[in-house]
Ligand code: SIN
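Only one chain comes next, encoded as structure tokens, the form predicted on its own.
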């Protein structure tokens, strides 16, 4: 029986209907799911009330999993394959290290030597309203650029830095920022990436890119800001309203995303993410 899909938006995304990832899945069925992953960029699995072990097991079908050594504060204490994204305070009452994770346009782990192939994020608790995530189709972003802009950026490498952008009400991340600088030196990634499986070109940019290699921040900033603004035009974006027990899988090689903070932060927003390792295509900046 073929997998049934429902499109999520014009730009990208599909819901995989009537599939329980906790149940055994044939290679043929998973092959259809993985092809849909390549075709649509995002896959949604609703009502997945599963264990952490099953989340990890299903994720491994997409590839080798990151143990998140680049983000030691953020991973689950018992499951290094799971990255916590939560505003739940720590046992001592101090704020969560991941309270503001993802509040800028980015591709997961772009600041590492193994930028992510894909991510599978599961929602455990969501606020009454808000806390959605935006996703942008980076194939469309690239292909709608002018030929002149494509020529300008063809050989550029963006310098990606780890760490979350400091927010006006965020006093939690100073130590974490210093730790991240030591763990993850700046890396340069091509601004235009050829997807290794589809062969299609996509923009690889985001707000973790501070400059282009060989250029100053001042010179780079107008181009970076234009590319991010262009890539996140409404017609290229899907906005996901989370429900409890959603699993959302996305292809970081052609999709960029941003978590929104438009919710009551006294309400719990708790999610856990597996990260599928990708291939190295850039270089470390020394």
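Numbering follows the first chain given and starts at 1. Model, not experiment: these values are computed from the prediction.
Another form, the form predicted in complex with this ligand, is not on view; read the next lines as being about it.
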Can all three of 121, 242 and 257 be found with a heavy atom no more than 4.5 Å from this ligand in the predicted bound form?
yes
Of the residues 156, 140, 71, 85, which one places a heavy atom within 4.5 Å of this ligand in the predicted bound form?
85
Of these, 193, 211, 106, 75, which has a heavy atom no more than 4.5 Å from this ligand in the predicted bound form?
106
Is the gap between residue 102 and this ligand in the predicted bound form 4.5 Å or less for some heavy atom pair?
yes
Taking any heavy atom pair closer than or equal to 4.5 Å as contact, tell me whether residue 162 reaches this ligand in the predicted bound form.
no
Would residue 133 count as a contact of this ligand in the predicted bound form, using a 4.5 angstroms cut-off between non-hydrogen atoms?
yes
Note: this ligand not shown here; in the predicted bound form, the stretch from 185-193, 106-114, 147-155, 199-207 having heavy atoms within 4.5 Å of it is 106-114
